[in-house]
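First comes one chain, alone, set out as structure tokens in the form predicted on its own.
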């Protein structure tokens, strides 16, 4: 500490945040193993019935739907973000790089509620998409885009896309261009060069981006609440409904604990499943 007089000041905020998070998680875990008293905000004695109640089809289907929505969001964020990241790294024009950067990063400067409200004006029956399709004569009546899984995934991709582009761009920028030139000199075309050189070497960014998008989407609340309209529910929406509509805080806490454990388990499986690809890269 003598040679680092300010180390304590730098470490203290992180330690305080960690203690606060640990205290909050302990409180949630404590509520998760307490009995619910109907008509009261208080809790009863210790019980494990909250966890056994999650085996009901209603709650199990919400967990399954959450995992599916998170996986779809991560997949489409990757498909949409990879070309943007590639253009951001390899574009020769400074103006084009700036345009791609602005397009990719701008959603980070908007709140989640603001972004979601903007999608309400795009996906609604009188929104931009339906208005354009009707004007072009491609449809006779508005297409139902709101309150659908497609609409929720589309809005969630808008949320996770900036982080995906940043992580992919970081991985692509560290690839030595000489590798691709060597592949081209050996007869590889642009497509084969991309599949055999660029794609494998960018695998760390792909893994980091998809894992982050999945974990970030798992806790999404405002987007599925507003775009889903109660028809497309995720774990966070179910926790809100049970905790603040039914005041069943113990069961809501148990849902939070199981949701956190499920997200960690899926990420661990994703890591194990892609470990071989990462070693090849």
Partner chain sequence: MRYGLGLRALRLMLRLLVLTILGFVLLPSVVVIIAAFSDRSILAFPPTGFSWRWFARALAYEDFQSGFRNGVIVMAWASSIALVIGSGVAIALHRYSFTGSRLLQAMLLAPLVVPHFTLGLGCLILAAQLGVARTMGLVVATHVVLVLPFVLRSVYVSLRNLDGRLEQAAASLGAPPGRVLWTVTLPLLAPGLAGGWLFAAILSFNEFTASLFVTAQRTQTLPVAMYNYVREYADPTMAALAAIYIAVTALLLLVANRFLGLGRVLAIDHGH
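Basically, rigid core = biggest C-alpha set you can superpose within 1.5 Å across the two forms. Values in this document were obtained by computation on a predicted structure and should not be read as measured data. Positions refer to the first chain, counted from 1.
Omitted from view is the form predicted in complex with the partner chain, to which the following refers.
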Residue 67: touches the partner chain in the model of the complex, heavy atom cutoff 4.5 angstroms: no
Please tell me whether any heavy atom belonging to residue 138 falls inside 4.5 Å of a heavy atom of the partner chain, as the geometry stands in the model of the complex. no
Just to confirm, residue 149 within 4.5 Å of the partner chain in the model of the complex by heavy atoms? no
Contact of residue 22 with the partner chain in the model of the complex (heavy atom, 4.5 Å): yes
Answer key: of 145, 72, 208, 80, within 4.5 Å of the partner chain in the model of the complex (heavy atoms) is 80
27, 84 and 260 all contacting the partner chain in the model of the complex, non-hydrogen atom within 4.5 Å: yes
In sequence order, which positions of 195-221 have a non-hydrogen atom within 4.5 Å of the partner chain in the model of the complex? 218, 219, 221
Core fit, then residue 16 C-alpha moves 2 Å or more between this form and the one not shown: yes
